[in-house]
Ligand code: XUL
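As a starting point, one isolated chain is supplied in C-alpha cells, in the form predicted alone.
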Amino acid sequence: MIILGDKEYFKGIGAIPYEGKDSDNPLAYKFYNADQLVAGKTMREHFKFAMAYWHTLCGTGGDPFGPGTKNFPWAVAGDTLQAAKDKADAAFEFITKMGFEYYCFHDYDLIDEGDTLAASEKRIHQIVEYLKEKQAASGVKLLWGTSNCFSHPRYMNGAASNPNFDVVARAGAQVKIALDATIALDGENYVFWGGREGYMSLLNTNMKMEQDNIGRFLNMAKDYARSQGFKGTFLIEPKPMEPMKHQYDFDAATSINSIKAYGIENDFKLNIEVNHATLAQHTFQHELQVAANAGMLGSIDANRGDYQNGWDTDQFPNNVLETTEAMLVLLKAGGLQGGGINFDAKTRRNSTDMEDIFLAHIGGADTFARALLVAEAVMNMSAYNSLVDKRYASFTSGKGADFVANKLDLNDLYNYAKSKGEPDQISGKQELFENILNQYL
C-alpha cells in the first residue's frame, strides 16, 4: 500500500513492480522478486532492504567545490516541524512505492537540531510521534537508528573519545535521546559509527584513554537501552579513516577486538559497509567473512566506491560479480543477525530528476537479488562446495583430523613431517573457482 501525505512528491511514479529480466521498463525490478524463495527464505527476508534517510532525503549533491544541485520539494517549508513532517511524508511515499519495509536515520536527519539540547529533544519527540503514525499506517519499520555525533563543530575532536569531558557528556545526552527515539519507534537495531572517534596526530593524543572512554561510553549506552526495554542488536560500523586520519574502528577485525576488549560481545555485532571495506584496503566479502567468523555479521550498508577515488563516494551497488562473492559468504553464514541491507548510497550530483532516486534504488536491489540467485546456483548446482571441501580434505582424516581436534603437539608435527618428506604441490585452482562464478552469472 502506497502511503501519501497531503501532497504527492514523486508524481507519475507508482508502485515499483517486478517484471523479470526481459522487461524494458526502467521503473520495474528485473531480479528482485520480494516473494521468491531462495535458499529457504524469501528475498524480502534475506535482504530487509532499507532506505537511508540522510542520502535519500537530505543529500542535495553539494561537495567541496559547489553547493547542492537537487531542489527537493519537501525542503521548502519555513517551519522546522512542518519541514520534518514533509520530509517524513516523502520518505514513506518513497519507501512504500519501492515496496521496501524499512528505513534508517540519524537523529538530525529527521528534524533540524535545536539551539539547545532541550530544544533538540523536544523536536525529536515531536517528529517521532509523527513517524509512529506513518509506521502504523504503512507497516514500514525502523531497521536502525543512530545519532550524528560527528557533524557539529563541538565534535571536531571526537565524541566519546573527546579529550574534553563536557563534550563526552553532551554526546552521551544526544545518544540517550536517539536511543529513546529508536525504542519508541520499535527499532530493531541501533548503530554506532565513530566518524570522529580517532586521531589526527599521536603527538597530542592519549590513545589508551580515548579508547577506554569509548568502551565506557558504549557500556553506558547499552545498559541504558536495556533498562528501557530495548531488545535489539547494537551495531558498530567500521571505517578506517576520513574524516579522521586513523579511526579506532578501522575494520571488522579491529572492531571485533574492541568489542571483546570492552566486554560487550554479547550485545554488539557489526554493520559492514562496502565502501568502508575498500577504504581499509579490504574487499567487502572479506569484511563480511571476518564478521561471520566471529558470529558478528549483523547488518550491511550497501554501496560502492570508485576505485580511482580514494574517498567515500557512496555510489549505488552495481557490480554483480563482487556482490555474488559477498552473497556466497552471506548464505554460508546463514544470513544476517538482526539487521538488513540499508542503501547507504546517494545519486550522483548531476542526477537531479526525482526519478533518479528510484532508478538508483531499483538498480541496487536488482544487483543484490541477481547476486543472491547466482550464489544459490553456484552452491547448489556447481562443483564449488566439493572443490572447497577437497582442498581441505587433509584435515578430515588421519593426522590432519587429529590436528584439528587439538590432539597433536609440536613434536608430533615434527615427527610426521620427518616421516612424510616434501609435501606435494597442490594447485589452489583459483581460475576454476572464478570460472564457475562467471558460468552462473
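In this text, residue numbers run from 1 along the sequence as written. Being a predicted model, the structure only gives us computed values, none of them experimental.
A second form of this protein, the form predicted together with this ligand, is not displayed here; the remarks below concern that form.
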Within a 4.5 Å heavy atom cut-off, is K87 in contact with this ligand in the predicted bound form? no
Find out whether any non-hydrogen atom of F31 is located within 4.5 angstroms of this ligand in the predicted bound form, and reply yes or no. no
Does any heavy atom of W54 come within 4.5 Å of a heavy atom of this ligand in the predicted bound form? yes
Though only this chain appears here, would D180 touch this ligand in the predicted bound form if you measure heavy atom gaps against 4.5 Å? no
In the predicted bound form, do T146, H276 and D312 all reach within 4.5 Å of this ligand through at least one heavy atom apiece? yes
I need to confirm a contact call. Of E93, D301, D249, E188, which residue comes within 4.5 Å of this ligand in the predicted bound form, counting heavy atoms only? D301
Only one of R349, K97, H106, H286 has a non-hydrogen atom within 4.5 angstroms of this ligand in the predicted bound form; which is it? H106
Interface segment, criterion being heavy atoms within 4.5 Å of this ligand in the predicted bound form, picked from 235-243, 317-325, 331-339, 249-257: 235-243
Along 318-344, which positions have a non-hydrogen atom within 4.5 Å of this ligand in the predicted bound form? D344
